[in-house]
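We begin with a single chain expressed as structure tokens, specifically the form predicted alone.
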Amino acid sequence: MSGTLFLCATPIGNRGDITERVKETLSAADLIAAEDTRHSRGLLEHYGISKPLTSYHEHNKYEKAEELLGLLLEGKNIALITDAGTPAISDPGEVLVRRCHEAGVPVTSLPGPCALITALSLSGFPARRFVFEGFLPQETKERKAVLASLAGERRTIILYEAPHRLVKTLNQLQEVLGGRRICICRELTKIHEEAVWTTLPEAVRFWTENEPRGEYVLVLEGLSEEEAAAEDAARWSGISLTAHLQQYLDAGLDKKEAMKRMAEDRGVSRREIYQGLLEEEKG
């Protein structure tokens, strides 16, 4: 029988936040795979845990996943930890988890600290629906595409950012999202924990003048229903009703459903859409 992969959440700052179950699991594991073995060794020593450590990180995640999978298939129990928080969340652990599922190796997740959830609960922004983007891509084209996709996002948006890239990211977010409200969380659960509620323009001004320090979680307000309606109206005002209809017909909708969608897009009745289409045909 194969062993089990245990995903163990570790503190994002305060070492008192680890669960008893995680400590017991780490103590019982045959091997602990860690993002940074030097960092993790200090953490484990703090809890009095002495177990073999091996590195598993972004730069070896594919080949190392195969090595760890082989050990699991031999019956070894492996605990996976990241530098801080929950493995596989904005973390290379997802590669190993996927390979285990493919190979039929049991995987279980031991819940605990997670920076994005901690920041979301602190922000006070709507938490029923949210979108987590992690760290924005560094490749320019991909980064622009992700930022553009956030422009019309109505859900609360959560991002991670490093201090040396914070000002650049805030500037780019302001270009796309304007004066949107933001909660900027820094050094969560640590001595210098800070949560700042402000707007993007004010955030750009402040952190341009003050050197960013620590790790950041950015929680941004989603587009309000009023703003979304105004944006939709502005977007569709530049296209004829006939062209608008054709877009939905090309997507496979029948005319009745297409006209219903058009009415929703433009904030008018279906009767107004029907009459407008007739007028365009005559014109």
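Since the structure is predicted, the reported quantities are computational estimates derived from the model, not experimental observations. So that there is no doubt, residue numbering starts at 1 and follows the sequence shown.
Beyond what is shown, the protein has a form predicted together with S-adenosylmethionine; the following relates to that form.
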Proximity of T169 to S-adenosylmethionine in the predicted complex, heavy atoms at 4.5 Å: no
Exercise: F135 in contact with S-adenosylmethionine in the predicted complex, heavy atom 4.5 Å: yes
Non-hydrogen atom contact C185 with S-adenosylmethionine in the predicted complex at 4.5 angstroms: yes
Contact test in the predicted complex: N77 vs S-adenosylmethionine, heavy atoms, 4.5 Å: no
Option touching S-adenosylmethionine, based on a heavy atom within 4.5 Å in the predicted complex, out of V217, A29, A34, L220: V217
Contact residue in the predicted complex, chosen from L120, C114, L147, V107 - any heavy atom within 4.5 Å of S-adenosylmethionine: C114
Heavy atom contact within 4.5 Å of S-adenosylmethionine in the predicted complex, the stretch among 90 to 98, 175 to 183, 69 to 77, 200 to 208: 90 to 98
Heavy atom contacts to S-adenosylmethionine in the predicted complex at 4.5 Å, residues of 123 to 161 in sequence order: F135, Y160, E161
